[in-house]
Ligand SMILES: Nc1ncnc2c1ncn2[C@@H]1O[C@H](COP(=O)(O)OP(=O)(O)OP(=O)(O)O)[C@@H](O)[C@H]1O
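In the form predicted on its own, a lone chain appears below as structure tokens.
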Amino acid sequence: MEDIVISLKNVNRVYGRGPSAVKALDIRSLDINRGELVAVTGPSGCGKTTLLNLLGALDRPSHGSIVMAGKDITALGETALCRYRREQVGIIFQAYCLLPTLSALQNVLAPALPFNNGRHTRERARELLRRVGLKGAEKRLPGELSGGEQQRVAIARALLLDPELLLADEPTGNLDSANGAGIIELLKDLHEMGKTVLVASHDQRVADACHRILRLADGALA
């Protein structure tokens, strides 16, 4: 029997009310197995980012249940959701979302603050920067890094607390071909490490690198 880590049942997300309401996502059933590398594809506005936001608990569904590792996150209060976001999910944003006044190392350490900034955590942050090819760049500010380097810092940050699930929203969208290819290889490496990875992307190279493709159209699985 497959080890299901994420299960969605009758999940929808509606924005607005009345005649102007828009159903951004409507998924009857979806299961993701532990360790899968999954691409979420489809045209702009099809619901890719909405799906990732729901899985990352950055937003709540209008209806339905999302079970992550046996726990229904739609039933959690705000404190428990904060813990879920910190401990179980790593999110890689298209726009990187690095803090401009912090160094690369400090940005990677940000998810651990203010609770845990001890020696072990700092050593892990340095090791993650090395793993993503940024050894020696620890003290550089985001403005001193290329787009590809900033995305690598964002990936290292997402990995700091060793989450079970990684969500990447258009991770190659702002990058040239060479840097985009490097990020794709990094995502494949993370999958080989046993991480469950969902990647929302228009990039066909991303889809080709994944073992499973979910296609969305008008908020539903096509």
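Because the structure is predicted, anything quoted here is derived from the model rather than measured. Counting begins at 1, following the sequence as shown.
Quick note: we don't show the form predicted together with the ligand, though the next part is all about it.
- Residue heavy atoms within 4.5 Å of the ligand in the predicted bound form occur in exactly one stretch of 60 to 68, 38 to 46, 159 to 167, 178 to 186, and that stretch is 38 to 46.
- With the partner removed from view, the residue among L198, L214, V206, A24 that has a non-hydrogen atom within 4.5 Å of the ligand in the predicted bound form turns out to be A24.
- Across the proposed site, Y15, T50 and H202 without exception bring a heavy atom within 4.5 Å of the ligand in the predicted bound form.
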